[in-house]
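The chain that follows stands alone, in the form predicted on its own, written as structure tokens.
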Amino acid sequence: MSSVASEAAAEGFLTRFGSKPEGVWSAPGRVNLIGEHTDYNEGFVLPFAINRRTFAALGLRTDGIARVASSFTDEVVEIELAKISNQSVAGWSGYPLGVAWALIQAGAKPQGFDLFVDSNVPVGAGLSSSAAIECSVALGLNDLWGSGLAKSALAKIGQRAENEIVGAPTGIMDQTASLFGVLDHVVFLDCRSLVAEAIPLGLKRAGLEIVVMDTKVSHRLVDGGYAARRAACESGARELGVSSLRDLETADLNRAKQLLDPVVFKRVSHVVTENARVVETVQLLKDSGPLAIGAQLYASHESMRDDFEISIEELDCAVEVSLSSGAIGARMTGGGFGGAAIALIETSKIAALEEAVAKEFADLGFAKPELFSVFADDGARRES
């Protein structure tokens, strides 16, 4: 599959630019098993790279111009590298052009390039199609420009592109999962130290799969909801006298409740309890395997629904139907306000789950969801 998709990206490059690319690089989307909105609070997250990838075909130019094209639009965006800014770029091209800008800011010696992007990571589903673009392009430009940056530095490049050029105040989880993914493992990331540990997931051995339920309600992280949640977290940390919410334990929540505005307290409560759930989930995976983590997944969803208030009716519906269809656990995943939920479920029950979710969505008048299984895959790599 990967080689076919890589060849398709190279063909797309040839069609658009009239020459062959110098290489094709790919990076996966990600599912966050648990640990939502903890990353920018210096907490813990547990994502994994998925078997849906973005392919970046790249070729160098002899001038200082970048030309960016893709399989999902006829448009070719052309800009001088020196003129890339958050004012001069817009739309999806902001992700790859932002990466080029961030690499230059980090000291890379830039050269003009042509880029063709092809992807099978769903957009707007909370599976981090943006990080898949950023990481495939970062890996490719790092090679072609001879920058020699480590993957951990490239994760920061992707995050900076998203923060400063695209304007989405995201943390570093998505890029880290996309770059450091390992087959059949989750990535336990400490977002303060940026130390990442691969933890065996063991789904196949347990007869389980993870089903993504894309509600088709597209979320936009650059809209105000995400920024408002982040601002509340920073306000709570300030009022409680800590540098970030990572410094709080669940035992501190009683004191926090006395001191904080009720809405800010709810946001803080989610982050503090979510960090604890991530640590618990890692221990359960190590000790007992994936059959033991269902309660943590659902508790995470309840916290996002009630305390962080980022779920929507479609996500709640997908989660509840999953549990009534025999899922071990289920939760919304990603930034919220739309996107996807995941269900951890026995392979033998997937067909019934798909039927039940489709029926319930139809009965409630929701858009038709898309359901598909994913597995934990390897991270970003050079394909050709």
Ligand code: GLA
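Throughout, we count residues from 1 along the sequence that is shown. Here the structure is a predicted model, which means the values were calculated and not measured.
The form predicted together with alpha-D-galactopyranose exists for this protein as well; it is not shown, and the discussion that follows is about that form.
Student: Taking heavy atoms and a 4.5 Å cut-off, does residue 311 contact alpha-D-galactopyranose in the predicted complex?
Tutor: Flag for residue 311 set to no.
Student: I'd like to know if residue 334 sits close to alpha-D-galactopyranose in the predicted complex, meaning any non-hydrogen atom pair within 4.5 angstroms.
Tutor: Output for residue 334 is yes: heavy atoms within 4.5 Å of alpha-D-galactopyranose.
Student: Can you work out whether residue 37 and alpha-D-galactopyranose are in contact in the predicted complex, taking contact to mean some heavy atom pair no more than 4.5 Å apart?
Tutor: Yes.
Student: Please determine whether residue 186 contacts alpha-D-galactopyranose in the predicted complex, using a 4.5 Å cut-off between heavy atoms.
Tutor: It does not: once alpha-D-galactopyranose is placed as it appears in the predicted complex, residue 186 has no heavy atom within 4.5 Å of it.
Student: Partner absent here, but in the predicted complex, which of 342 to 350, 39 to 47, 56 to 64, 355 to 363 has residues with a heavy atom within 4.5 Å of alpha-D-galactopyranose?
Tutor: Among the listed stretches, the partner-contacting one is 39 to 47.
Student: Looking at 298, 92, 180, 226, which is the one with a non-hydrogen atom within 4.5 Å of alpha-D-galactopyranose in the predicted complex?
Tutor: Checking each option against alpha-D-galactopyranose in the predicted complex, the one that comes within 4.5 Å is 226.
Student: Between the options 129, 170, 269, 142, which residue brings a heavy atom to within 4.5 Å of alpha-D-galactopyranose in the predicted complex?
Tutor: It is 170 that has a heavy atom within 4.5 Å of the partner.
Student: Since the partner is left out here, which residues of 85 to 107 would have a heavy atom within 4.5 Å of alpha-D-galactopyranose in the predicted complex?
Tutor: Going through 85 to 107 in order - heavy atoms within 4.5 Å of alpha-D-galactopyranose in the predicted complex - there are no hits.
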